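Have a look below at one chain only, the form predicted alone, in structure tokens format.
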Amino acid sequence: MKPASGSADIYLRNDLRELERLRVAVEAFGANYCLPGPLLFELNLALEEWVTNIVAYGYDDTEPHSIAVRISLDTTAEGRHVAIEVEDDARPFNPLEVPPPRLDLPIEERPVGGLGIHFLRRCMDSVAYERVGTRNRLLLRKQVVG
């Protein structure tokens, strides 16, 4: 029987080496709650892109910072959903204000960057952002199929 709900909190340092620990934690969460492999792939892709953006571009200093990730599974009348909340103290950045990439341009004419946010939007059913005090909060939601 598939567990109906649960959550896990993961605290990362602003270091790209933490991405592996995040991936392992998401895989463990998926195993605990019988989440399908394709969903875990999408969750990991979205999280890797977002956390990479935070670490690579979000801070003006080299001081240690904490990035909090909460992943939860809820079951409602509409089905099972995974919700992810990522909170950090990096400079404000709303991914919903980033224009979609120009995929119609030849690859040599496309600007560098911007595909990570595109993947994040494409992988998730919903993406929301809010700035709360000095913290960014990204909210991702994805229905569990299968």
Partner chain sequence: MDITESRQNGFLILTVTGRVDASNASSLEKTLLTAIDGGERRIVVDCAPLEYISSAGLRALLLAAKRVAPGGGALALAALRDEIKEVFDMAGFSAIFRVFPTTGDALAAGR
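Positions refer to the first chain, counted from 1. Worth saying up front: this structure is predicted, and the values here are computed from it rather than measured.
The same protein also exists as the form predicted in complex with its partner chain; that form is not shown, yet it is the one meant from here on.
Asks: Can you work out whether its partner chain is within 4.5 angstroms of a heavy atom in all three of G37, L45 and R122 in the model of the complex?
Replies: Yes, each of G37, L45 and R122 comes within 4.5 Å of its partner chain in the model of the complex.
Asks: If contact means any heavy atom within 4.5 Å, which of 58-66, 77-85, 91-99, 114-122 contacts its partner chain in the model of the complex?
Replies: Checking each option against the 4.5 Å cut-off leaves 114-122.
Asks: Taking its partner chain as it sits in the model of the complex, is L16 near enough to touch it, meaning that at least one heavy atom pair lies within 4.5 angstroms?
Replies: Looking in the model of the complex, residue contacts with its partner chain include L16, since a heavy atom lies within 4.5 Å.
Asks: Is R70 a contact residue for its partner chain in the model of the complex, using a 4.5 Å heavy atom cut-off?
Replies: It does not: once its partner chain is placed as it appears in the model of the complex, R70 has no heavy atom within 4.5 Å of it.
Asks: Looking at the partner-bound form in the model of the complex, is L103 within 4.5 Å of its partner chain by any heavy atom?
Replies: Contact with its partner chain, yes.
Asks: So, R137 and its partner chain: in the model of the complex, are they within 4.5 Å at any heavy atom pair?
Replies: R137: no contact with its partner chain in the model of the complex.
Asks: What residues of 62-87, in sequence order, lie within 4.5 Å of its partner chain in the model of the complex by heavy atom?
Replies: Not one residue comes within 4.5 Å of the partner.
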